[in-house]
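One chain is shown next in structure tokens, namely the form predicted alone.
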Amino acid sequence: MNAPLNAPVTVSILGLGEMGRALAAALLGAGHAVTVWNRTPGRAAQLVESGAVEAPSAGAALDSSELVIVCLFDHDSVHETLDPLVDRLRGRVLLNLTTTSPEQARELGRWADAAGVAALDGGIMAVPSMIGGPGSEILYSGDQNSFERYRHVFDRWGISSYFGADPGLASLYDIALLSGMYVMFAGYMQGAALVATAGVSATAFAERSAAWLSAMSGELVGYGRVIDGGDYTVAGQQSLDFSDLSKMLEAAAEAGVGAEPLAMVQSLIARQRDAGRGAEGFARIFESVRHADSVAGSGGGERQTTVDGSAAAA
């Protein structure tokens, strides 16, 4: 059963990097009792002024609260901090907001389960300045009872989305979404480098790019439907042959700028075209990503692919 919407909760946050401090500040603003700890001292002063209690040790922080949140450097640092304290975690709920891989999240989930500790893993889809404001979302997976019990706490940070009992799912979604973000940013920087040769500022180009990319994001659902349907010959798709990026690569070479983001996409296209799929839709490059070492094609078997994107018959 959920706690009352405004019920105060005792929370300990281990790790006071920028994100840890933002998480703590949002909970203090909501009236929760917050204890903080950081391996390197000196980062808690502002939080203490706002009402937080600074614990002298990680163990003391655990002892102070029912909900323990770790937001540390990496997976190893989580174990280094918590392994000696596992007995003191029993009876509490652990939320790991440290960035980890899906398999690392699952390992931590097994560790917690073996110790009798209810645990959640989370992926933060926000930068520190967004916490508690519009656009902030945190993804959760793991123990559902704990999620429901403390959801009113988590909602103070942003939208709370639960993905299931598998502890690795939040991390999987987190990394998948960040993958799209970083590739998009790299594409913008590719374009900014091109127009810079004509004296256009990166800021001016960003304003135009933001509008264009926002408009084109509506195409994602259509691509998703094609991929899920598995038919890349459906009418209305832009073909891989038409999607050839050679002219864009030539323009980059003429301008004397790097073309790695474009070359990456061209390589994915080339793998499918070399396998005889040029007439099919652009969404088929999904198969180049899904099958990292070969090009899968119905009726044609598989073709082994070399580093430069060319294909040879298996």
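Values in this document were obtained by computation on a predicted structure and should not be read as measured data. Residue numbers here begin at 1 and follow the sequence given.
The next section is about a form of this same protein that is not shown, the form predicted together with a small molecule.
Quiz item: Using 4.5 Å between non-hydrogen atoms, is Gly135 touching the small molecule in the predicted bound form?
Solution: Taking the distances in the predicted bound form, the answer for Gly135 is no, it never comes within 4.5 Å of the small molecule.
Quiz item: Does the 4.5 Å heavy atom contact test between Ser267 and the small molecule in the predicted bound form come out positive?
Solution: Although the small molecule is absent here, Ser267 would stay clear of it in the predicted bound form, with no heavy atoms inside 4.5 Å.
Self-check item: Proximity of Val11 to the small molecule in the predicted bound form, heavy atoms at 4.5 Å
Solution: Answer no; every heavy atom of Val11 is more than 4.5 Å from the small molecule in the predicted bound form.
Practice problem: Determine whether any heavy atom of Ser146 comes within 4.5 Å of a heavy atom of the small molecule in the predicted bound form, and answer yes or no. | Solution: So Ser146 does not count as contacting the small molecule.
Quiz prompt | Single option in Leu108, Leu240, Leu97, Leu94 placed near the small molecule in the predicted bound form, where near means a heavy atom within 4.5 Å | solution = Filtering the options by heavy-atom distance leaves Leu97.
Quiz item: Gln104, Ser209, Ser160, Thr81: which sits within 4.5 Å of the small molecule in the predicted bound form by any heavy atom?
Solution: The option sitting close enough to the partner is Thr81.
Quiz prompt | Contact stretch among 163-171, 184-192, 119-127, 220-228 - heavy atom within 4.5 Å of the small molecule in the predicted bound form | solution = One stretch meets the cut-off, namely 119-127.
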